[in-house]
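Only one chain comes next, encoded as structure tokens, the form predicted on its own.
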Amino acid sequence: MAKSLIVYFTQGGTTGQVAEAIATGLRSKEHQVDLHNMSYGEPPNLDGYSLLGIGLPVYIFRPPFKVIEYLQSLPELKGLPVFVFLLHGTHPGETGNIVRDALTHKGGHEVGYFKAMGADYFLGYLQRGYLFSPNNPTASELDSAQAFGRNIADLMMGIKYIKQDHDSPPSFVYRLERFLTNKWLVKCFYSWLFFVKSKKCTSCGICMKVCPARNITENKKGHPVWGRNCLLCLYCEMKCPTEAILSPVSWPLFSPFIAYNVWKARNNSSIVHARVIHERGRTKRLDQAQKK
């Protein structure tokens, strides 16, 4: 029985749903599948596995730093079959290209690439009243993910794989946003500039619990302190029930970019959106509130 490892990163759970669906497809073809969420520690080594899958959401038109670090840590793959799947709420950017190329550079043999839409809980969009791809991944997309898993299993049996073309590069504005939020700037600059409004902070610890990088600790007052391993996911600010946290992305510098992204996605007929109100750490969909 073929033994497969799917390593994925998820926060809201949608990438995990797709990972489970792909695993179901593989298992239907007699594959043993191990799933590992990067948020729960270091993935196992690759000894004994005949297939490796990498799953991730798109972060600011690029892979999350956590995924990039894992790819860099991989040993020489020596022809190991690999596949990639990603979820994007608006534009995927070159995320898939970056991951696929990294695996090829490590000696992996690509046997599949899959994309699906995923609910885009990015704070900048929520604050402007928009949740993009709110109901994704849909049942149809999860069915497609299962079919993708079955197809991977068939390819492992010797069926010829026709490699998909790389995704088209994003526009200059998206590439500029990606540059302005690169890992060096986040580590050496932005991660120092998270701000806590002391009078609002109740030391509830939610920001520490939701941080996928375990990057937040507490000071003597129980207030959050950020380390240098920030992913710039903004979950700490997004989930704060007293709105005590202010991240660098809330600066005026980023406002034109976020407004541009919202405008582009809102006017893209292929991207569904819902109007929302985000306050005190919660996102409320206005369409659902109207039905009640």
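Residue numbers run from 1 along the displayed sequence. The model shown is predicted, which means the values in this text are computed figures rather than measured ones.
Note that the form predicted together with a small molecule isn't included here; everything after this is about it.
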Note: the small molecule not shown here; in the model of the complex, the stretch from 96 to 104, 189 to 197, 115 to 123, 151 to 159 having heavy atoms within 4.5 Å of it is 115 to 123
Non-hydrogen atom contact Trp226 with the small molecule in the model of the complex at 4.5 angstroms:
no
Taking heavy atoms and a 4.5 Å cut-off, does Pro57 contact the small molecule in the model of the complex?
yes
Using 4.5 Å between non-hydrogen atoms, is Pro81 touching the small molecule in the model of the complex?
no
Any chance Leu87 has a heavy atom within 4.5 Å of the small molecule in the model of the complex?
yes
Three-residue site Ser247, His278 and Thr283 fully in contact with the small molecule in the model of the complex at 4.5 Å by heavy atom:
no
